[in-house]
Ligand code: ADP
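What follows is one chain in C-alpha cells, specifically the form predicted alone.
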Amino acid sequence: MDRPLLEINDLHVSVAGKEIIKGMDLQVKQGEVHVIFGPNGSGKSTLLNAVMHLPGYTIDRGVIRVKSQNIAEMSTDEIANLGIGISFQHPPKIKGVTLRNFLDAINRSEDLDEAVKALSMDTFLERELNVGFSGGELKRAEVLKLYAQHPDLLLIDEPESGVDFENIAIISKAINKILQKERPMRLRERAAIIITHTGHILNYVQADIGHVFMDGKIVCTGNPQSIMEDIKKAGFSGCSACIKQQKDHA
C-alpha cells in the first residue's frame, strides 16, 4: 500500500512561545486536493509554515513525514527538495533579485515560458521580486513560482485573498495545470493543501476533501462544497455550535 505524500500525527506547534496548533492529524495522498477552512487566527497558515520548517515555528510535539521521511531534522530547502512547494499569503519582497533570476534558480519545468504568458507575468521578469506588485500580481507570481518548482505537493495559502475574480480565474487555471486536472483521462499526479477563508477557489479548483480548522486543530472533515455551504449559512460560529452539540451527545 502506497504511503501518503504527507503524514501529520499529533502535531503541536508554537510561535514565540505561544501554542498555535494544539494537536492535529492529517494525511494527504497522491492526487488529492484538500481545502482547509477556518477563521482568521485559527492557525491555518502556521500549519503550512510548520510543514516547511520556516524560522520561528517550533514543533513541540508530533511528527511530520514527507514521502515517509521524518522531517524533524531537515532544513527548509531539504524539505523543498523532497517535492514540497509553498505559495504564501503575504510573500516577502526581495530587493536586488529579479523575478527572472529567481525563476531560473528554481526552475524544473519544461514549459515555464508558457506559464509566464498564461499568468501575464511577461513584463514582470526584470522587476525585483514582489517589489511594488499589486495583490493580484503577487498571487500570480507565487503560482508561477510553484509552476517552476513543479512540486509533488502544493501548499497554497489563501490564493484568493486580496484578488479580484479575474485574477482568481487566471491563478486557478494555472493551479489546475500544475495538478494536471485539465486532463480528465489522466491520473492527477500532484496533491495540494489549499487554505481558504472565502471559499471562492472552490468555484475553479475541484477539491476532494474539506477540513474546518479552529482553535489550532481540525474539528471536522467532509465534502468541501457541503462544508462551504454550511459556513455560508451559519458562519464559523455555526461550526462551533455543531461541535458542541456533538460533544453533548457523545
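Not measured: the values here are computed from a predicted model. Residue numbers run from 1 along the displayed sequence.
Although it is not shown, the form predicted in complex with this ligand is what the next lines describe.
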query	finding
The single option of Asn167, Asn176, Asn130, Gln89 touching this ligand in the predicted complex, heavy atom within 4.5 Å	Gln89
Of Gly31, Gly62, Gly199, Pro39, the one that lies within 4.5 Å of this ligand in the predicted complex (heavy atoms)	Pro39
Residue contact check: His211 to this ligand in the predicted complex, 4.5 Å heavy atom	no
Contact label in the predicted complex: Tyr57 to this ligand, heavy atom within 4.5 Å	yes
Partner contact for Gly43 in the predicted complex: this ligand, 4.5 angstroms, heavy atom	yes
Contact label in the predicted complex: Ile227 to this ligand, heavy atom within 4.5 Å	no
Among 44 to 52, 216 to 224, 201 to 209, 64 to 72, the region lying within 4.5 Å of this ligand in the predicted complex by heavy atom distance	44 to 52
Those residues of 8 to 25 which, in the predicted complex, come within 4.5 Å of this ligand by heavy atom	Val15, Ala16, Lys18, Ile20
